[in-house]
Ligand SMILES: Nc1ncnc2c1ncn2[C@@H]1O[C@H](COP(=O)(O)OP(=O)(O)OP(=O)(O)O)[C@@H](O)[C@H]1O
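Take a look at this single chain, the form predicted alone, given in structure tokens.
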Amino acid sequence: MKVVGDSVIAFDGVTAFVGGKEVLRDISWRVGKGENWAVVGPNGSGKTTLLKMVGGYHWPKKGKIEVLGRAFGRSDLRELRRTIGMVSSYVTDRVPREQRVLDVVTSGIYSSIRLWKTPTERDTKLAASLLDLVGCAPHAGRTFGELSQGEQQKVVIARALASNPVLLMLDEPCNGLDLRSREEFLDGLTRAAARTSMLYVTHRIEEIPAGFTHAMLIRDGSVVASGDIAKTLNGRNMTRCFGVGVRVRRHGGRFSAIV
């Protein structure tokens, strides 16, 4: 599926409720082609609901949504979802630990967790090339359970890319990772950033990979600031977003917050 128009994601005045509670309020947002966005905010700010809405799993109470040029309510969302990759702890936890790493990635071509059919030579070559892209080619013959957490997350990135998604969404993918595993994972993500548009949801700005172009800060369901990442992730905006005094430092394309 190709992007129709200029926007990968377009929200116009979107308001959403969960369990009768308003969780997103009047969100207007554009993600353009070639942009990689970090969505940052405290727990309970509405980040995960936003992600679900992009994937067509939660509908707005008010407003309009278009993803990859397809308007919700006038498009086949099943077709749309096949063009969106997902990386999260939920996906990682479902991968069988005894499965061979190359097969984990190959299964992504067929949008399944296990590999239920004999792959073609072309599919195997594609999976191998994606493992090489994220820096895990030497692990192709190992089992998934033998890898470190960071290596496992990189394999899940490769798996998500196997279906050639136009958009890759990442929901708090560093949860549970120690420092080394986190950096292994972010290294693999940085390698993959040029292949597709990315949407990265987190409450820790130090987890945002180098090379991301834009950021949106949300608090209590409303946008605090949005735009170019270097202009958006500053102390004033972060203080407003998290309700505590924050200084922001940038080094080598990465950010850190000091309270």
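One-based numbering along the sequence shown. Keep in mind the model is a prediction, meaning the values are calculated, not measured. So that the term is clear: the rigid core is the largest set of C-alpha atoms that superpose within 1.5 Å between two forms.
The same protein also exists as the form predicted in complex with this ligand; that form is not shown, yet it is the one meant from here on.
Though this ligand is not shown, can you say which of 196, 190, 49, 222 has a heavy atom within 4.5 Å of it in the predicted complex? When this ligand is considered in the predicted complex, the option within 4.5 Å is 49.
Even though the partner isn't displayed, in the predicted complex is residue 34 close enough to this ligand, meaning a heavy atom within 4.5 Å? No, residue 34 sits far enough from this ligand in the predicted complex that none of its heavy atoms falls within 4.5 Å.
Considering only heavy atoms, tell me if residue 248 and this ligand come within 4.5 Å of each other in the predicted complex. Although this ligand is absent here, residue 248 would stay clear of it in the predicted complex, with no heavy atoms inside 4.5 Å.
Residue-level contact is defined here as any heavy atom of the residue lying within 4.5 Å of this ligand in the predicted complex; does residue 44 satisfy this criterion? Output for residue 44 is yes: heavy atoms within 4.5 Å of this ligand.
Partner proximity in the predicted complex: residue 203 to this ligand, non-hydrogen atom cutoff 4.5 Å: Taking the distances in the predicted complex, the answer for residue 203 is yes, it comes within 4.5 Å of this ligand.
Could you tell me if all three of 18, 23 and 172 have a heavy atom no more than 4.5 Å from this ligand in the predicted complex? All of them do, each having a heavy atom within 4.5 Å of the partner.
Tell me, please, which stretch of 223-231, 205-213, 35-43, 63-71 lies within 4.5 angstroms of this ligand in the predicted complex when heavy atoms are compared? In the other structure, the partner sits against 35-43.
For a quick test of reading the superposition: does residue 88 move by 2 Å or more at the CA between this form and the one not shown, rigid core aligned? After core superposition, the displacement of the residue 88 C-alpha between this form and the one not shown reaches the 2 Å mark, so yes.
Cα-Cα shift for residue 48 and residue 90, closer or farther in the predicted complex, minimum 3 Å: Compared with the form shown here, the C-alpha atoms of residue 48 and residue 90 sit closer together in the predicted complex, by 3 Å or more.
Closer or farther in the predicted complex, the Cα atoms of residue 186 and residue 94, when the shift from this form is 3 Å or more: Distance between the C-alphas of residue 186 and residue 94: longer in the predicted complex, by 3 Å or more.
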